[in-house]
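Given as structure tokens, the chain that follows is alone and in the form predicted on its own.
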Amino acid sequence: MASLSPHVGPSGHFWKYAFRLLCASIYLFLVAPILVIIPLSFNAEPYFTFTPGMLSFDPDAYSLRWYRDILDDAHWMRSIRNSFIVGLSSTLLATILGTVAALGLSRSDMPFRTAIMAMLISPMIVPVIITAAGMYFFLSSVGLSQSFAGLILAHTVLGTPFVVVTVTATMSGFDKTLARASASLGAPPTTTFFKVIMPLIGPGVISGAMFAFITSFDEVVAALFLAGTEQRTVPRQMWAGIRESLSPTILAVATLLILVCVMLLVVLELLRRRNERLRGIRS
């Protein structure tokens, strides 16, 4: 392709750079609201606008006041603790269930494979408010509404499809003759799974687990239906803060959430590249 570029006419170069400019404009339009939150979280004044001191880059106009408020507020600390408890627990369950389901769906002799796959990924397609309402009525009937167990189960349902999709995609490039070779050498199924299959599909499993964790940590609709006062997660606490007492502390929490998501996305990209190297693909 590089050898053909000298023969591209002026119109071709124009459309190439116009397309890049359009993509950059769309990206900036999507990211700009997030970028505005970050400097506002360091505002020394309790305003949701840029003060004259901030615009002139006065050091006195910036402060860590709202980040200290997070540490000093028992409600925020409890919601952060709850988010990690629910997120890690639901991620563990979603990873186990999603990986087992993906291994079964990768078998060519699996009956009703398409229907089962459609059912497993339906929480990704059905509007989350419908899923949350359905889980509320079901969990209320079994006495698990407004409990950690109910919230963890709900987040597990929402996170499992991401594990199923990522592990299924990884299994599509898996050489099944390796598992058959392990079995022919006398290895039991558990040894074959942990020694042969798991090291190869590990990046897909970890990627799915991270997507499940992000989904749980960022989920607010199911928490509105199922979480009680003691089970408030960070998004649920942010929702309550917006409605009850609007404070720039919410901007500080949002900045921390952005930082966590960026870190997880970097890890996912590193895992993707490692997976490509394992498959012998060179980008």
Partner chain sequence: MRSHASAITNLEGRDLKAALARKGRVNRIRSFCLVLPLLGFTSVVFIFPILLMGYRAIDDSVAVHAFPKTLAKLENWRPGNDIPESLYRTFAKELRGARKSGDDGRLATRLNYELPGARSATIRLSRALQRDLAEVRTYRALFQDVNKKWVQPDIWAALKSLNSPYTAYYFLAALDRERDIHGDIVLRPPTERTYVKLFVRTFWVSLLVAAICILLAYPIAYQLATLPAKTANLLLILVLLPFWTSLLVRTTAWIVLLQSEGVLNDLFVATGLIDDASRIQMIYNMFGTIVAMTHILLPFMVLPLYSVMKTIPPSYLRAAVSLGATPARAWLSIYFPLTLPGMGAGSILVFILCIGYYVTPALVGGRTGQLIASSIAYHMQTSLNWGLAAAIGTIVLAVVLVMYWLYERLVGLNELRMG
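If you superpose the two forms and keep the largest set of C-alpha atoms that fall within 1.5 Å, you have the rigid core. Numbering follows the first chain given and starts at 1. Note that the structure is a prediction, hence the values are computed from the model and not measured.
Just so it is clear, the following notes concern the form predicted together with its partner chain, a form of the same protein that is not shown.
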> Is residue 174 close enough to touch its partner chain in the model of the complex, meaning at least one heavy atom pair within 4.5 Å?
Replying inline: no
> With a 4.5 Å heavy atom cut-off, would you call residue 239 a contact of its partner chain in the model of the complex?
Replying inline: yes
>> Can you tell me if residue 243 lies within 4.5 angstroms of its partner chain in the model of the complex, counting non-hydrogen atoms only?
In response: yes
>> At 4.5 Å between heavy atoms, is residue 66 in contact with its partner chain in the model of the complex?
In response: no
>> Using a 4.5 Å heavy atom cut-off, which residue among 209, 86, 196, 164 comes into contact with its partner chain in the model of the complex?
In response: 164
> Quick check: do 59, 80 and 271 each get a heavy atom within 4.5 Å of its partner chain in the model of the complex?
Replying inline: no
> Going by heavy atoms, what in 145 to 169 lies within 4.5 angstroms of its partner chain in the model of the complex?
Replying inline: 153, 156, 157, 160, 162, 164, 165, 169
>> Please determine whether the C-alpha atom of residue 262 is displaced by 2 Å or more between this form and the one not shown following superposition on the rigid core.
In response: no
